[in-house]
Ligand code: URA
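Single chain ahead, by itself, as structure tokens, in the form predicted alone.
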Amino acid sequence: MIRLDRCLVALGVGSRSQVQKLIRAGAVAAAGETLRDPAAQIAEGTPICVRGEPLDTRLARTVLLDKPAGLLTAARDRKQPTVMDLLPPAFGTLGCMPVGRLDKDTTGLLLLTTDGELAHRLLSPARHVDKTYLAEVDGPLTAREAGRMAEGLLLDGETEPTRPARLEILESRADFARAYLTIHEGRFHQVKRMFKAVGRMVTALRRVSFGPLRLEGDPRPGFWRDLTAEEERALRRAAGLEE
């Protein structure tokens, strides 16, 4: 159970004083009943209307976003736009946060969730949750580079090699290559540093999958949606949080 005024604040309707005024004015109905007591207790998920308009009352949210280039993967920043600017303001109020980070110039699949335990487990190297990137680099890729990544690479400034990664070469020419790289960690700029360790510079990078979730079709920068119930179950299984 949750207080009505606290629920409305969490859903981004307004400040506590603002929602209390709405409630006392008879502008809020829960399950079809007008409530005038801000302290009234309601069950999570109870249908709520404000001034006759229904609210989306879900307090727990996990969404998939096709991140465009140029946005920071952060909850907020004073100077630069962030991925949270693509979502309705209520998501920030609910505490919906990015699961890990994508570089400012990296595009593709980004998860955001209100479930801190889910996020923590998905990012834990111990869980071995796959993350696959489509990378374009400035030179050829061969079985040699794939073998080195499969063995693990020692990156600049680190003492532990990367975990084995899978490189699937799609196209390779003298001055260009395109490949999928699947990793199980989330080290700082890891994909770019791994290619640098084998003598290649990344010129474009897009994450196409995270665990059981995959972006399908052509890029749709800025597109987001809630996960389906089946996707949520699969994601929780990958995180070791089976219901």
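Being a predicted model, the structure only gives us computed values, none of them experimental. Start at 1 and count along the sequence shown; that's the residue number.
Beyond what is shown, the protein has a form predicted together with ligand URA; the following relates to that form.
Check: ligand URA in the model of the complex: within 4.5 Å of a heavy atom of each of Leu110, His184 and Phe210?
Finding: Zero of three within 4.5 Å in the model of the complex.
Check: Taking 4.5 angstroms as the cut-off for heavy atoms, does Phe91 touch ligand URA in the model of the complex?
Finding: No, Phe91 sits far enough from ligand URA in the model of the complex that none of its heavy atoms falls within 4.5 Å.
Check: Heavy atom to heavy atom, is Asp130 within 4.5 Å of ligand URA in the model of the complex?
Finding: Answer no; every heavy atom of Asp130 is more than 4.5 Å from ligand URA in the model of the complex.
Notebook entry, point to check: Quick one: is His189 in contact with ligand URA in the model of the complex, heavy atoms, 4.5 Å cut-off?
Noted result: Yes, contact at 4.5 Å.
Note to self: I'd like to check something about Thr162: if you look in the model of the complex, is any of its heavy atoms closer than or equal to 4.5 Å to a heavy atom of ligand URA?
What the structure shows: Taking the distances in the model of the complex, the answer for Thr162 is no, it never comes within 4.5 Å of ligand URA.
Item checked: Contacting member of Leu64, Ala177, Leu205, Ile48, with respect to ligand URA in the model of the complex [4.5 Å, heavy atom] -> None of the other options qualify; the answer is Leu205.
Check: Of Asp103, Glu168, Asp77, Glu158, which one comes within 4.5 Å of ligand URA in the model of the complex, counting heavy atoms only?
Finding: That would be Asp103.
Check: Just one stretch in 95 to 103, 144 to 152, 79 to 87, 110 to 118 has heavy atoms within 4.5 Å of ligand URA in the model of the complex, so which one is it?
Finding: Among the candidates, contact is made by 95 to 103.
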